[in-house]
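One chain comes next, on its own, written as C-alpha cells: the form predicted alone.
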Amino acid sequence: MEITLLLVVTLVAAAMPYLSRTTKQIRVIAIIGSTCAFLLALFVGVPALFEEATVAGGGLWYMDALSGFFVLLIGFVQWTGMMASVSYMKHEEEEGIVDASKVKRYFTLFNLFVLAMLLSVVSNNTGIVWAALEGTTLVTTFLVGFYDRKESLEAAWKYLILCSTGITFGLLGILVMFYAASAVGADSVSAMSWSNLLWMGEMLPESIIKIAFVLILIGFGTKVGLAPMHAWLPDAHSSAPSPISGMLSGVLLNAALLPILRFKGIVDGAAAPGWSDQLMIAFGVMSLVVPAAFILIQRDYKRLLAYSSIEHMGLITFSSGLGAVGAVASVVHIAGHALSKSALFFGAGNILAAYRSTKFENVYGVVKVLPYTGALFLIALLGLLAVPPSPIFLSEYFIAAAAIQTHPYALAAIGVALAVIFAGFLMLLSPMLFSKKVSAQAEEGDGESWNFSHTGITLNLLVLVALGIFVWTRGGAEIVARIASLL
C-alpha cells in the first residue's frame, strides 16, 4: 500500500503543473509534492533496511534492503533536486529564457522521471523494470533537449538512439533469462519475477544464463554509462538543465545499475561467481581508464562532471566484482557519489546562471563572485575526491584492500587513472574557483543571495558527511553489510 501511494503521489505531482494558473503556484506545488514523495520514501525505505525481503501489492512489488536503499536515495535526491529546480527555473523565467509553458513541461517531466526511477527499483517484474528504465530514457530525452538549441537537440537524439539501442540488448537478456526459467518449469509470471528468479538460481541452466547476463550487462550497462557504451553520457549530462544533470548522474545511473547487480546474483547462483566477477572487473577498469584520458582536455565544467560520473560508475562496477568486501564498497560508493555529484551539478546551475557559460575560459573567481555556491561547490568537490569524512574515502579504501592481492594489475591501472583524474580536477577547477580575476560574464551585483538551491545542496552535503561518519559505527556497518549481502 505504501509503495503504491508513493507512486501515485509522484504521478499526481506530475499532473499538477497543468492544473496551476501561475508559475509561482507551480513552484510551490512542486516543492509540496516533492516533500511528500520524500517523506513517503522514508516510510517505505527505512523499514526495508531492517526487514527480510517481501513481495507486496499482489506480487507487483519486491522490497528488500537493496530496494529500500535505492528508494531512499531517489527520494532524497529528487527532493533536493526539486529545491535546485525551483531556483533554477525561476531564474530562467526571469531572464526570459523559458516561458510558462516550458516551466510546466519541466516540472511535469521531472516528476515523471522520478516516477519511472522509483518504479524500476520496486517492481518485482523484470519486464516492468525494463519498461520503467526505457521510460526514463523517453522522459529525459525531452529534458536533455529542453532548450531547443542545436547542441542540446543533437545530444537528446544521440541519447535516445544509443540508450534505446543499448537497452534493447537488455530486453533480449531478460527474454533469454525468461527462457531459462521456463526451461526448468517456471510459469510465465514466476519466470519474470525477481523473487522467483533469485530463489531458483541454482536450477537455471548455466550456459543459457551466461548468455543472458552478457546481454544484460551490455544493455543496461549502456544506460549506466559504462565504457565503451558511454558515448551519449557527456553530451546528455552537459546539455540538460543542471538540476536534471544532477538527477541523471546522481540517481539514474545507479537505478540502471541495479538490474545488473540483481541479475549478477542470479547468475552467481547457477555458475561460478568468478565468471560474472571478471566481466564486472573488466568493464569497471575500462570505465575508469577512458574518462581519465578525456578529463585533462575538458573545456566545460559540466562535461568534466559528466566524465567523472563514468569514472565513478566504473569504480562501483569494479568493486562489485571483488566479493563481500567489494560489495560493501559498492554500497558506500553508490551513496557517496549520488550525494556529492548531484550537489556539484546543482551548484553548476548557479554558476551557469551567474556567468552565462559552462566554459572554463569564461568562469573565474567563483568563490568571490558567488560565496555561498563557491563554498558549497568546494565541499562537494572534496567529497567527490574522497577527502575524509567523505564515504567515498572509505569505499575506495575497501576497494584497494579487496583488490590488492587478487587483482593487483587492475588496481594499479585504476590507481593511475584516479591520480590523473584527481590532477585534472585540481588543474581545471582551481582557477575557476579561486582565481582573483573575475570573469566579465559574471553578473554585477551586491553579492549572492541564499536561495532554495543552496538549501538543497547543503542538505546533500550534511547527509554526505553524516553518512561518512555513520558507516564507521556499528549500526551503520550492520546496515551497509545487510544491503551488500544482496549484491
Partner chain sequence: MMMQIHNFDLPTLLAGGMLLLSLIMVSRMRLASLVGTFRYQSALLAAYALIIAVSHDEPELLAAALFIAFIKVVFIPSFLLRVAKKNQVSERLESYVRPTMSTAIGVGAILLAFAGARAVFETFATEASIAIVACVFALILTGLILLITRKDMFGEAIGFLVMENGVYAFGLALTGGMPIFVELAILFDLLALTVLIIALLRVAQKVHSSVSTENLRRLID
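All values derive from a computational prediction rather than experimental measurement. Positions refer to the first chain, counted from 1.
A second form of this protein, the form predicted in complex with its partner chain, is not displayed here; the remarks below concern that form.
Asks: Decide whether T222 counts as a contact residue for its partner chain in the predicted complex under a heavy atom distance cut-off of 4.5 Å.
Replies: Flag for T222 set to no.
Asks: Evaluate V289 for contact with its partner chain in the predicted complex, applying a 4.5 angstroms cut-off between non-hydrogen atoms, and reply yes or no.
Replies: No, no contact at 4.5 Å.
Asks: Taking heavy atoms and a 4.5 Å cut-off, does S195 contact its partner chain in the predicted complex?
Replies: Although its partner chain is absent here, S195 would stay clear of it in the predicted complex, with no heavy atoms inside 4.5 Å.
Asks: Using a 4.5 Å heavy atom cut-off, state whether Q298 contacts its partner chain in the predicted complex.
Replies: Because a heavy atom of Q298 falls inside 4.5 Å of its partner chain in the predicted complex, the answer is yes.
Asks: Picking from 250-258, 73-81, 125-133, 343-351, which part of the chain touches its partner chain in the predicted complex when contact means heavy atoms within 4.5 Å?
Replies: It is the stretch 125-133.
Asks: Check for me whether its partner chain, as it appears in the predicted complex, comes within 4.5 angstroms of all of W157, T165 and L175 - heavy atoms only.
Replies: All of them do, each having a heavy atom within 4.5 Å of the partner.
Asks: Can you work out which of A282, A386, L153, A413 has a heavy atom no more than 4.5 Å from its partner chain in the predicted complex?
Replies: For this set of options, the contacting one is L153.
Asks: Can you work out which of I97, A293, I161, A324 has a heavy atom no more than 4.5 Å from its partner chain in the predicted complex?
Replies: Of I97, A293, I161, A324, the residue with a heavy atom within 4.5 Å of its partner chain in the predicted complex is I161.
Asks: Only counting heavy atoms and a 4.5 Å limit, does any residue of 226-253 reach its partner chain in the predicted complex, and if so which ones?
Replies: The stretch touches the partner through D235 alone.
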